[in-house]
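Form predicted on its own, single chain, as C-alpha coordinates, below.
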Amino acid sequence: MILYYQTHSPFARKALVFAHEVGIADRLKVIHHETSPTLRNASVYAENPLGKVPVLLRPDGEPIFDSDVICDFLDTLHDGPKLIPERGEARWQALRLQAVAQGLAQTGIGLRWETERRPELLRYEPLADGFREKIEATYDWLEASLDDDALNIGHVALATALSWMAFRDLPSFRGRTRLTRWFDAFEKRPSMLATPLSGETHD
(Lines give C-alpha, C1' and ligand atoms only; values in the text may rest on other atoms or scores of the structure.)
Protein backbone atom coordinates (compact mmCIF):
# COMPACT_ATOMS: atom_id res chain seq x y z
CA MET A 1 0.00 0.00 0.00
CA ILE A 2 1.05 3.59 -0.64
CA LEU A 3 0.34 6.42 1.78
CA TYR A 4 0.34 9.91 0.30
CA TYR A 5 1.72 11.88 3.22
CA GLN A 6 2.92 15.28 4.31
CA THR A 7 5.59 15.70 6.95
CA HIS A 8 3.89 18.75 8.47
CA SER A 9 0.28 17.55 8.44
CA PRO A 10 -1.27 16.49 11.77
CA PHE A 11 -3.82 14.39 9.88
CA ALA A 12 -1.31 12.51 7.74
CA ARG A 13 0.85 11.92 10.79
CA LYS A 14 -2.15 10.57 12.67
CA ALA A 15 -2.63 7.88 10.02
CA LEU A 16 1.04 6.91 10.08
CA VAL A 17 1.27 6.88 13.88
CA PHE A 18 -1.81 4.65 13.89
CA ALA A 19 -0.11 2.27 11.43
CA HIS A 20 2.91 2.06 13.74
CA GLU A 21 0.73 1.46 16.78
CA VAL A 22 -1.08 -1.49 15.16
CA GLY A 23 2.15 -2.94 13.79
CA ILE A 24 1.64 -2.54 10.04
CA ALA A 25 3.76 0.52 9.20
CA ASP A 26 6.16 -1.73 7.31
CA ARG A 27 3.35 -2.49 4.84
CA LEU A 28 3.17 1.16 3.76
CA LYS A 29 5.26 3.00 1.23
CA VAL A 30 5.12 6.60 2.43
CA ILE A 31 5.37 9.33 -0.23
CA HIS A 32 5.49 12.99 0.78
CA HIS A 33 3.28 15.39 -1.17
CA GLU A 34 3.05 19.15 -0.70
CA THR A 35 -0.53 20.38 -0.73
CA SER A 36 -2.42 23.46 0.45
CA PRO A 37 -5.69 25.17 -0.49
CA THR A 38 -3.70 27.41 -2.84
CA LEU A 39 -1.27 24.81 -4.23
CA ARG A 40 -2.75 22.21 -6.54
CA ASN A 41 -0.99 18.86 -6.47
CA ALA A 42 -2.11 16.92 -9.54
CA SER A 43 -1.02 13.54 -8.15
CA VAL A 44 -3.12 14.00 -5.03
CA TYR A 45 -6.12 15.39 -6.92
CA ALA A 46 -6.02 12.32 -9.17
CA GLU A 47 -6.78 10.16 -6.11
CA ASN A 48 -8.77 12.53 -3.85
CA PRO A 49 -11.08 15.20 -5.31
CA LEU A 50 -10.42 17.36 -2.25
CA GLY A 51 -6.71 17.46 -3.13
CA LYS A 52 -5.71 16.66 0.45
CA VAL A 53 -3.50 14.13 2.20
CA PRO A 54 -3.46 11.56 3.64
CA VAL A 55 -4.62 9.25 0.90
CA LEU A 56 -4.15 5.48 1.09
CA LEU A 57 -3.67 3.71 -2.24
CA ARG A 58 -4.57 0.04 -2.09
CA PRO A 59 -3.42 -2.59 -4.62
CA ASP A 60 -6.85 -4.21 -4.76
CA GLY A 61 -9.25 -1.36 -4.11
CA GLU A 62 -10.07 2.28 -4.61
CA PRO A 63 -8.14 4.99 -2.74
CA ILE A 64 -9.21 5.74 0.83
CA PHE A 65 -9.28 9.16 2.48
CA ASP A 66 -9.31 10.98 4.96
CA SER A 67 -7.36 10.08 8.12
CA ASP A 68 -10.44 8.85 10.02
CA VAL A 69 -11.36 6.42 7.26
CA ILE A 70 -7.76 5.33 6.68
CA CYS A 71 -7.33 4.49 10.36
CA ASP A 72 -10.62 2.61 10.38
CA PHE A 73 -9.40 0.54 7.43
CA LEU A 74 -5.96 -0.08 8.92
CA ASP A 75 -7.59 -1.35 12.10
CA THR A 76 -9.04 -4.23 10.05
CA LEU A 77 -5.60 -5.39 8.88
CA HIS A 78 -4.16 -6.70 12.14
CA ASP A 79 -5.04 -9.28 14.77
CA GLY A 80 -4.07 -7.28 17.85
CA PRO A 81 -6.29 -5.17 20.10
CA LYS A 82 -8.43 -2.81 18.04
CA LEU A 83 -7.73 0.89 18.53
CA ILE A 84 -11.26 1.69 17.37
CA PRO A 85 -13.50 -0.19 19.80
CA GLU A 86 -16.23 -2.05 17.98
CA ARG A 87 -19.09 -1.46 20.39
CA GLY A 88 -20.27 -0.06 23.66
CA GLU A 89 -19.36 3.09 25.54
CA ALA A 90 -15.66 2.61 24.81
CA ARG A 91 -16.38 3.14 21.10
CA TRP A 92 -18.21 6.41 21.62
CA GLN A 93 -15.60 7.71 24.03
CA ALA A 94 -12.79 6.95 21.55
CA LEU A 95 -14.64 8.50 18.61
CA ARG A 96 -15.60 11.55 20.63
CA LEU A 97 -11.97 12.16 21.61
CA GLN A 98 -10.94 11.72 17.99
CA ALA A 99 -13.54 14.30 16.93
CA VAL A 100 -12.29 16.78 19.53
CA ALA A 101 -8.69 16.26 18.42
CA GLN A 102 -9.56 16.67 14.74
CA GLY A 103 -11.52 19.82 15.52
CA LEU A 104 -8.62 21.18 17.55
CA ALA A 105 -6.23 20.75 14.63
CA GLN A 106 -8.71 22.30 12.19
CA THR A 107 -9.17 25.26 14.51
CA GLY A 108 -5.41 25.66 14.73
CA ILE A 109 -5.23 25.68 10.95
CA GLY A 110 -7.90 28.38 10.87
CA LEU A 111 -5.99 30.46 13.39
CA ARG A 112 -2.81 30.20 11.31
CA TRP A 113 -4.70 31.54 8.30
CA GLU A 114 -5.96 34.55 10.26
CA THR A 115 -2.65 35.38 11.93
CA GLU A 116 0.07 34.28 9.52
CA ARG A 117 -0.88 32.87 6.13
CA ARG A 118 -3.57 35.22 4.85
CA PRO A 119 -2.38 38.61 3.51
CA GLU A 120 -2.39 41.00 6.44
CA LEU A 121 -5.05 43.33 5.03
CA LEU A 122 -7.44 40.40 4.66
CA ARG A 123 -7.10 39.07 8.19
CA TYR A 124 -10.11 39.30 10.50
CA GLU A 125 -9.11 39.62 14.14
CA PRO A 126 -12.53 38.74 15.64
CA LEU A 127 -12.36 35.42 13.81
CA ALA A 128 -8.84 34.81 15.13
CA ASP A 129 -10.09 35.58 18.64
CA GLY A 130 -12.92 33.08 18.15
CA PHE A 131 -10.44 30.40 17.12
CA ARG A 132 -8.29 31.13 20.18
CA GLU A 133 -11.32 30.83 22.43
CA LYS A 134 -12.20 27.42 20.97
CA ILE A 135 -8.62 26.21 21.42
CA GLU A 136 -8.45 27.29 25.06
CA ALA A 137 -11.87 25.78 25.80
CA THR A 138 -10.77 22.52 24.20
CA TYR A 139 -7.61 22.42 26.32
CA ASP A 140 -9.71 22.99 29.44
CA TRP A 141 -12.11 20.21 28.46
CA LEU A 142 -9.25 17.82 27.80
CA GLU A 143 -7.62 18.66 31.13
CA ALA A 144 -10.83 17.75 32.92
CA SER A 145 -12.02 14.85 30.76
CA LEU A 146 -9.07 12.98 29.25
CA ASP A 147 -9.21 9.26 29.90
CA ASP A 148 -5.80 7.64 29.45
CA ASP A 149 -6.75 4.04 30.01
CA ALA A 150 -6.61 1.62 27.04
CA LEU A 151 -4.97 3.15 23.97
CA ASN A 152 -7.46 4.09 21.28
CA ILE A 153 -7.82 6.15 18.11
CA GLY A 154 -8.72 9.23 20.13
CA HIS A 155 -5.37 9.18 21.90
CA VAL A 156 -3.51 8.93 18.58
CA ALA A 157 -5.51 11.81 17.12
CA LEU A 158 -4.98 13.93 20.21
CA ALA A 159 -1.24 13.35 20.49
CA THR A 160 -0.66 14.23 16.84
CA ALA A 161 -2.88 17.31 17.09
CA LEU A 162 -1.14 18.62 20.21
CA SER A 163 2.27 17.96 18.72
CA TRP A 164 1.30 19.94 15.64
CA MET A 165 -0.05 22.84 17.72
CA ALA A 166 3.32 23.08 19.45
CA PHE A 167 5.19 22.64 16.15
CA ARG A 168 3.34 25.64 14.67
CA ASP A 169 3.73 27.74 17.84
CA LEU A 170 -0.01 28.04 18.32
CA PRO A 171 -1.63 28.64 21.74
CA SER A 172 0.01 26.29 24.20
CA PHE A 173 -1.68 23.58 26.23
CA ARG A 174 1.20 23.38 28.71
CA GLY A 175 -0.58 25.33 31.42
CA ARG A 176 -2.75 22.23 31.91
CA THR A 177 -0.75 19.91 34.15
CA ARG A 178 -2.61 16.66 33.52
CA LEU A 179 -2.80 17.14 29.76
CA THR A 180 0.87 18.09 29.59
CA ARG A 181 1.93 15.02 31.58
CA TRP A 182 -0.12 12.75 29.33
CA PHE A 183 1.26 14.30 26.15
CA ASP A 184 4.88 14.19 27.26
CA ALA A 185 4.54 10.48 27.99
CA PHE A 186 2.79 9.75 24.69
CA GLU A 187 5.35 11.67 22.66
CA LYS A 188 8.01 9.20 23.81
CA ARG A 189 6.22 6.28 22.15
CA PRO A 190 8.11 4.69 19.23
CA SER A 191 5.26 5.59 16.88
CA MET A 192 5.75 9.30 17.59
CA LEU A 193 9.53 9.15 17.52
CA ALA A 194 9.37 7.47 14.10
CA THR A 195 7.19 10.22 12.59
CA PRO A 196 8.63 13.63 13.49
CA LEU A 197 7.03 16.76 12.08
CA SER A 198 9.15 18.83 9.70
CA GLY A 199 8.89 21.36 6.90
CA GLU A 200 6.99 24.51 6.08
CA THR A 201 3.70 25.09 4.31
CA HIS A 202 3.98 25.94 0.62
CA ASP A 203 1.21 28.11 -0.83
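Don't overthink the numbering: it's just position in the shown sequence, from 1. Just so you know, these numbers come straight off a predicted model, no measurement behind them.
Missing here is the form predicted in complex with a small molecule; even so, the following discussion is about that form.
This chain appears without its partner; in the predicted complex, the one residue of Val100, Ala90, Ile109, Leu127 with a heavy atom within 4.5 Å of the small molecule is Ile109. Proximity to the small molecule in the predicted complex, defined as a heavy atom within 4.5 Å, holds among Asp66, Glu143, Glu47, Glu136 only for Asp66. Within this chain, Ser172 is remote from the site of the small molecule in the predicted complex, having no heavy atom within 4.5 Å. Looking at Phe11, you'd find a heavy atom of it within 4.5 angstroms of the small molecule in the predicted complex.
By the criterion of a heavy atom within 4.5 Å, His155 is excluded from the residues contacting the small molecule in the predicted complex. Remark: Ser163 does not count among the residues lining the small molecule in the predicted complex, judged by a heavy atom distance of 4.5 Å or less. This chain is displayed without the small molecule, yet in the predicted complex the stretch 53 to 61 from 173 to 181, 53 to 61, 24 to 32, 143 to 151 comes within 4.5 Å of it by heavy atoms.
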